[in-house]
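Quick setup: one chain, the form predicted alone, written in structure tokens, and binding and motion questions come after.
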């Protein structure tokens, strides 16, 4: 890699734009390209798109292959979709261009169970072209998987891991508020959840990462997505929620061995949530109870995870990786 990491931003939604802004602030990074297919972005200068006071001389292009061939980046910051089925071609384009990929795709955080054949294809191509592909973020990517696993590193024995994340979605980006169903009626929420068109992505990936990290083999996994109904009217920048309408979700995922729960993950994400926090409880020797008051602000943390992970790839073996395979997370300053 060059002394400065040459970076291309692939996807310019709210997270992608924040990622590009942060990359521009890092002395060790040089943003050299931007990719997006949205008609209102194509052809515009990236500086204008990001709301900067000056142009950057980087034109947003829908042609990923052309951008990558012209810029030859070290790393692509990939922020386009949550789902493996929608990103494989994008990832392959980056891989064939010889670029490492750090992605916010939630299903990519721990994809081995969801689509083993996808994993084989991506891993083979990445090794063939000498690059790394990794999915990261805060949830999944840190608060309910990497953090709990790290805390078990000082336990002589572990019997159970529980993680709780309570998020007031009022302060989060518009797409996330809509993704958790804020403002819907209960029946519509339940219909969309049944069609896999609504809800948080990645809690199952977090659970499987913990299980594999501790060499546990769950016999049953129980996952539920339930609505949290508003008790009073709530108005955010993006949605209005009336009493009785859906404010967001309560998403749980429980793994059991011998009918005994060994991993319990609970995500409460709704507009107006009181007492936001990230907490981890480990039944072990010694027992560990950890709480982050106020919780981890997910949008900023996701962007930071992308940038910080991009800065830690040098010297790592090529292939499809997870955050469990890379060195301990740390800031890239």
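Numbering follows the first chain given and starts at 1. Only a predicted model underlies this, so the values are computations on that prediction, with no experimental measurement involved.
Same protein, other form: the form predicted in complex with another copy of the chain, not shown, and the subject of what follows.
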Non-hydrogen atom within 4.5 angstroms of another copy of the chain in the model of the complex for each of 286, 296 and 329: yes
Of 222-230, 86-94, 147-155, 193-201, which is the one stretch near another copy of the chain in the model of the complex, taking non-hydrogen atoms within 4.5 angstroms as near? 147-155
Answer for residue 189 alone: is it within 4.5 Å of another copy of the chain in the model of the complex, judged on heavy atom distances? no
Touches another copy of the chain in the model of the complex: residue 70 (any heavy atom, 4.5 Å): no
Does residue 31 reach another copy of the chain in the model of the complex, with heavy atoms at most 4.5 Å apart? no
Can any non-hydrogen atom of residue 290 be found within 4.5 angstroms of another copy of the chain in the model of the complex? yes
Could you tell me which one of 265, 35, 46, 304 places a heavy atom within 4.5 Å of another copy of the chain in the model of the complex? 304
Taking only heavy atoms into account, state which residues of 198-221 are within 4.5 Å of another copy of the chain in the model of the complex, ordered by sequence. 213, 214, 216
